[in-house]
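We begin with a single chain expressed as structure tokens, specifically the form predicted alone.
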Amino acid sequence: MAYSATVSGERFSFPDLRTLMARATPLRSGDQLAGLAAASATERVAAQIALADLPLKQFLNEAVIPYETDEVTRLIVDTHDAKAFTAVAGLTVGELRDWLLGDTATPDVLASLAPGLTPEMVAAVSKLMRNQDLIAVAQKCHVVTRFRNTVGAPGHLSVRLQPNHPTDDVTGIAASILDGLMYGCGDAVIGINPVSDNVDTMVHQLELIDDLRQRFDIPTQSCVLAHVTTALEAMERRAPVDLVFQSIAGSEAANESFGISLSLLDEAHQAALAMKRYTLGDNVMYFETGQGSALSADAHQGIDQQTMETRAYAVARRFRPLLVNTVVGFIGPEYLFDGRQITRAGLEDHFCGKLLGVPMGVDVCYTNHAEADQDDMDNLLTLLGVAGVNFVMGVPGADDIMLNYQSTSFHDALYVRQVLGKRPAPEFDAWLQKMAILDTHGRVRPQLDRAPRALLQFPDSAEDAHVAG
């Protein structure tokens, strides 16, 4: 089916839905690299006009990747909830935008609607929204998940403590964990990106965190971000695997480039559930995504990177994860050129994921060859905090010395919680107060004069345990 619109007397035609979606996308370097972006601002406006008039039902009739050749498309079609869709079934994309911004779209209504929306519907409406719109609607989407604590409740903002080390040195990792805890970080997860993706390294790092967690009765969860097949081997050894991690994308071909399939993820999900390490809820998966991953794997199939990213959330949604993290600026300027594009993409990803019922966090980050700096990150962090992001990153000094990129620091997490009146996850908040790390107002105590002294012994004891082991 062809689509068209006229702007300033010039007629623009778009041969199919994926072309229309790509041309309507706000400018970004990855779509230019793929040859999918609008040739001019006028063409982009024409595509947005045509997209605004498109009935939502058209997305159920025209797949951007054929059903027969892609298991992600089959997942999207086969799990679509027609009853939930009824609330907006008669609307166009433009009318959905207005409806989402209206008072009818309350948090409860949006939660009920989520299974009735497809990723393409959500990506389409985001292309018609200003940043302000993305924030206003996302703030109304509450996606709460649980493992040993509660993540995503209104008024709370969690932090993934990311204690990476360039040589997987156990003392360095332990010191970074301790540093983060002292700043009230780690309630989303204590998650290490290992240098070596092998079972021995994964098991050793999991045991390090689990020893700390049990010794001080910390209500949080751990994750070593190795490949899902490594996690399966670790679980066969009965290693203390809390969350299973995997990078995912929005097409079968892109997921194959990661060495995964839906059936493999299902196997890992079932194995993690069988571990029964959770206490409050059985959300046992942790996924990471990012615009441009399908293009970088030469698996975008003519679809713009923002739509492809939103399709990845359909994969995540199937497995009821505790956390989904879009690593928004990590992929570099070839895909998101500067701070403006990174900011827009971060808000889009957060909005689209939340509207689909996915527990979204954002790694507010950039690489050093992008046209971005820490002021851009401050802006995006603040915008996401207002939008109700479930969690952000806590990296020592905001500088990840293993992955070599710039993220947000423990101090940044304190800042955004303070200026927006946010608190850590409730169970973790109570622990921080019990350990005299935070006071009742959520402020870091100026003198750590009680229980934390025991925590301060942890890096040395971790090294002793490592040597003994």
Partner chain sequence: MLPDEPWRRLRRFTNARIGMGRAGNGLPTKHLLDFRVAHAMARDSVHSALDFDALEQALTSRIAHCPQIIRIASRVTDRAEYLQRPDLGRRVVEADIVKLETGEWDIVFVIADGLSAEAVSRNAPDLLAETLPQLSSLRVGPLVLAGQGRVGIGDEIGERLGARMVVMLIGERPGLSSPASLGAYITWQPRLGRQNSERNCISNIHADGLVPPVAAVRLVSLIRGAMKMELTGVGLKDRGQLIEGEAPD
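Numbering follows the first chain given and starts at 1. Note that this is a predicted model, so its numbers are computed, not measured.
One more form of this protein should be noted, the form predicted together with the partner chain, which is absent from this view; the next part is about it.
S.K.: Evaluate Thr150 for contact with the partner chain in the predicted complex, applying a 4.5 angstroms cut-off between non-hydrogen atoms, and reply yes or no.
M.R.: No, no contact at 4.5 Å.
S.K.: Please check if Gln205 has a heavy atom lying within 4.5 Å of any heavy atom of the partner chain in the predicted complex.
M.R.: Judged by the heavy-atom cut-off of 4.5 Å, Gln205 is well away from the partner chain in the predicted complex.
S.K.: Considering non-hydrogen atoms and a 4.5 Å limit, does the partner chain approach Asp179 in the predicted complex?
M.R.: Yes, Asp179 lies within 4.5 Å of the partner chain in the predicted complex.
S.K.: Since only the chain is shown here, I'm wondering whether Asp169 would be in contact with the partner chain in the predicted complex (any heavy atom pair within 4.5 Å).
M.R.: Because a heavy atom of Asp169 falls inside 4.5 Å of the partner chain in the predicted complex, the answer is yes.
S.K.: Select from the listed residues Thr343, Thr92, Thr201, Asn283 the one whose heavy atoms reach within 4.5 Å of the partner chain in the predicted complex.
M.R.: The residue from Thr343, Thr92, Thr201, Asn283 that makes the contact is Thr201.
S.K.: Identify which of Val195, Leu101, Ala84, Leu273 has a heavy atom within 4.5 Å of the partner chain in the predicted complex; exactly one of them does.
M.R.: Selected option: Val195.
S.K.: Quick one: which of 351 to 359, 108 to 116, 74 to 82, 222 to 230 gets within 4.5 Å of the partner chain in the predicted complex, going by heavy atoms?
M.R.: Careful reading of the contacts points to 222 to 230.
S.K.: Quick one: which residues from 358 to 388 get a non-hydrogen atom within 4.5 Å of the partner chain in the predicted complex?
M.R.: Contacts from 358 to 388: Tyr366, Thr367, Asn368, His369, Ala370, Glu371, Ala372, Asp373, Gln374.
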